[in-house]
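We begin with a single chain expressed as structure tokens, specifically the form predicted on its own.
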């Protein structure tokens, strides 16, 4: 993110349910630039989630979640907050918006959506996509997505995105009318380009490799964190047995009874504290997951470049073949075996009129081919220039976000250890007074 952004020009993703100390250290993780005109004018929030039941497209009953988007003027006269404009959106509508952005802005690393279903969960965490805790984390993630888009210098000016925020009923028709689905490149076409590009751009090749490696590293971190959470949960809960045993023991003691009973209460408090601790950690996991999903967005830009490069190479190859055909026709020589060469040998040479006509047609085709190559070359250069500007912006954002996320996680662990020390210090005091 740009270093020149002042503290007054920052939109903070709220409702992360962390302690005040951790919130102060974690705040940079959840902020986006307010340098765009849109965020200077509007405050955007995903205020709440609501479970609903209705019929789907095949007329079957289903339960789903909708999210309330609130927008209000960033500044109001008299200092009185204006009433927000609100509308409800399903997760599938966020998906449609992001797909539209991917197709319309292939040179931009489009911010990812939060996961549709929970991944990298530890065994006490529900994988149900209707679980209240999961829905709440997804709500925060969807708000983060909207703020990421709204803070982008290009995406924030998109008309369809603005309609997504303001038009509950007419938005879907508007996005479909853009015809973006017809522009979407097929997966097969992209794979063909990836394997057949002769002169790939080394920068994009290195970027794609880095994205693959970053995906692998973050996946490993999330798996390790899930395993640690499982074991930590068990260790903390086992401490509840201390509380039970101390309580039972206090019942048979006179002098030591009060101290044992108090120590048991501290152990019970310690055992119960792990639920809140691990819930806080889920926000750290969600920050890592955002960049896990960002790696797919980076690869998408690389695939689009490969496709454009492939189309340029095919146009250049086609032009070279036509120029060779013209040279062969003009000189009467055939450098390689061809059906036309065999035909000439079997049935004789074509008339001067036929030759002239073919030369004129080839000349016209060559001119068209040169224009095509020129257009494809310009398209490729413009794509590279625009994409690399966005990639550099993304790298700055990534470095800052992940650095602050890791610092916040370290602070969480330090805080957890301090709480453990405090519990045992309290227990020590209880034992000393017996």
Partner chain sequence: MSISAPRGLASSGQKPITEILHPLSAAEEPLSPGPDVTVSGGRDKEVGLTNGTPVETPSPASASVLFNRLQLDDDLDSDGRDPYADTETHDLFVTVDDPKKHVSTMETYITYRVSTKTTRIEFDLPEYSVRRRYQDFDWLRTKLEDSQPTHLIPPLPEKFVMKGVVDRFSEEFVETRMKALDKFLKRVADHPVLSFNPHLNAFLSAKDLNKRQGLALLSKVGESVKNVAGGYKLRVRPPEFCAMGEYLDTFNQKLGTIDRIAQRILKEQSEYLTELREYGTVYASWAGSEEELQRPLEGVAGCVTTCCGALEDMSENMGQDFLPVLREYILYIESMKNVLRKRDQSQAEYEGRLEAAVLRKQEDRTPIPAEVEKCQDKMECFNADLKADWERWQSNKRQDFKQLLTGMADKNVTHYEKCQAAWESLITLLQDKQTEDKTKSEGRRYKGHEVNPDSEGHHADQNERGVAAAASKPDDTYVTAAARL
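The structure presented is a predicted model; accordingly, all values stated were derived computationally and were not measured. Numbering follows the first chain given and starts at 1.
We do not show the form predicted together with the partner chain, though everything after this point is about it.
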{"property": "Site check 217, 396 and 411: each within 4.5 Å of the partner chain in the model of the complex by heavy atom", "result": "yes"}
{"property": "Proximity of residue 309 to the partner chain in the model of the complex, heavy atoms at 4.5 Å", "result": "yes"}
{"property": "Residue contact check: residue 157 to the partner chain in the model of the complex, 4.5 Å heavy atom", "result": "yes"}
{"property": "Proximity of residue 260 to the partner chain in the model of the complex, heavy atoms at 4.5 Å", "result": "yes"}
{"property": "Partner proximity in the model of the complex: residue 377 to the partner chain, non-hydrogen atom cutoff 4.5 Å", "result": "yes"}
{"property": "Single option in 94, 100, 171, 246 placed near the partner chain in the model of the complex, where near means a heavy atom within 4.5 Å", "result": "246"}
{"property": "In the model of the complex, the residue from 210, 162, 180, 293 that sits within 4.5 Å of the partner chain by heavy atoms", "result": "210"}
{"property": "Heavy atom contact within 4.5 Å of the partner chain in the model of the complex, the stretch among 219-227, 110-118, 83-91, 357-365", "result": "219-227"}
{"property": "Members of 247-271 lying within 4.5 angstroms of the partner chain, judged by heavy atom, in the model of the complex", "result": "248, 249, 252, 253, 255, 256, 260, 270"}
